[in-house]
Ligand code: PMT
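Next up: just one chain, as structure tokens, the form predicted on its own.
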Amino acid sequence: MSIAFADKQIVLGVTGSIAAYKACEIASRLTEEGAVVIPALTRAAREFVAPLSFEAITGRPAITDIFAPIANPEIEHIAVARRAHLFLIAPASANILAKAACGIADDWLSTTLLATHAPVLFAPAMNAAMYAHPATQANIATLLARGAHFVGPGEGRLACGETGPGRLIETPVILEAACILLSGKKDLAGRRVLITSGATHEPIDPVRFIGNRSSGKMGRALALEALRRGAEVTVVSGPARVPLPHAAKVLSVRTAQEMIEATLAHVDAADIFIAAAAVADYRVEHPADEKHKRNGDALNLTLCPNPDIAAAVSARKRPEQVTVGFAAETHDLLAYAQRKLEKKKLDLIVANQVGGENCAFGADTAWAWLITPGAPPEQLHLITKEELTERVFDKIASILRTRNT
């Protein structure tokens, strides 16, 4: 269960689009994450999917008609509008966008949209020509100006056979956008966060490399938490097994040298820098131009040190910048982390124990300490990476507040 969705009441508005069947997956994922999902289907949506499907998935009655006899006053539209933490309209047809922009209230969903103060997130899905039509674009602009939010659409082959923008964006991207909106803590609004993430691959020849087991999960969790808190996020990412948040700006690199070049090109504009990548300490001094062929002899490689990205950033940091590092160690964790904190002049270091089932690269949990200059280490025990990133940004926000007082 995600702490972002736990016990949050989300109205899932489903409108008339061939993509309506995908709303079942959205409802399922939100329910699995701990949200209380209130499905609401327009008349056109019911031509594509049955309300019973959503009732089975969410365990709650699907709302279909504003004039239906109300056995349960808790689903009356004003009550729902007041309780909801988020209105997610997915798929959002051209029709619902037009009605919402013009303030038309002729069914349960359009009426309740006028009554809610909760954030509203539209995930458009329609024919490419409909999406590009000036009327639809004007309606989107109107809704954005009023504070509504949009995710997607995706681009590709549509159900009608045409190709272009109009596909319902993928479910994980919709959930990310919902996760960001559900956060009431926006203490990093207006701040710019730069994060390094993932591994680095140092080539031996065109097909082989030296790397490590980093999955990129920590970098993803940090980027998502920064977005939830209102920051503008850029991630310099090496190879990773998990995708980064759709709302983050991603700069893809492969080697440590590429990573430091991209980092130094963007760090001056950042308020917060977090070095979460698992950067290779060494690279092959002279990578081969052609694939090395096995000949029965030993292969000797000469390794030379890679640049230290965190140290390079700290050497040029502004006094108001906050720099954060990670120390992943198998033993003597606190001693190594303390030395790294002092040597690289960091404001905060996250010390991670690696090794073992719960603390391996790619795990969803971490055994960690937070260490700041002049203070005793703060032990967090074994927690999820989602919880860890929340604690990290609480500490960063505290550092920023101290500097502004």
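Note that the structure is a prediction, hence the values are computed from the model and not measured. Heads up: residue numbers just count along the shown sequence, starting at 1.
Note that the form predicted in complex with this ligand isn't included here; everything after this is about it.
Visitor: Judged by heavy atoms and a 4.5 Å cut-off, are Met218, Ala310 and Gly325 together in contact with this ligand in the predicted complex?
Guide: Yes: Met218, Ala310 and Gly325 each sit within 4.5 Å of this ligand in the predicted complex.
Visitor: Consider the chain as shown here, without its partner, and state which of Ala275, Leu109, Ala90, Ile169 has a heavy atom within 4.5 Å of this ligand in the predicted complex.
Guide: When this ligand is considered in the predicted complex, the option within 4.5 Å is Ala275.
Visitor: Tell me, which of Glu329, Asp205, Glu261, Glu162 has a heavy atom within 4.5 angstroms of this ligand in the predicted complex?
Guide: Exactly one residue meets the criterion: Glu329.
Visitor: Within 4.5 Å, heavy atoms only: does Lys395 come near this ligand in the predicted complex?
Guide: No, Lys395 is distant from the partner.
Visitor: Classify Lys340 as contacting or not contacting this ligand in the predicted complex by the rule of any non-hydrogen atom within 4.5 angstroms, answering yes or no.
Guide: Yes - in the predicted complex, heavy atoms of Lys340 and this ligand come within 4.5 Å of each other.
Visitor: At 4.5 Å between heavy atoms, is Lys344 in contact with this ligand in the predicted complex?
Guide: Lys344 belongs to the contact set for this ligand.
Visitor: Under a 4.5 Å heavy atom criterion, is Thr31 part of the interface with this ligand in the predicted complex?
Guide: Thr31: no, not in contact with this ligand in the predicted complex.
Visitor: Among 229 to 237, 207 to 215, 169 to 177, 113 to 121, which stretch sits within 4.5 Å of this ligand in the predicted complex, heavy atoms only?
Guide: Looking at the other structure, the answer is 207 to 215.
Visitor: In sequence order, which positions of 90 to 126 have a non-hydrogen atom within 4.5 Å of this ligand in the predicted complex?
Guide: Contacting residues: none.
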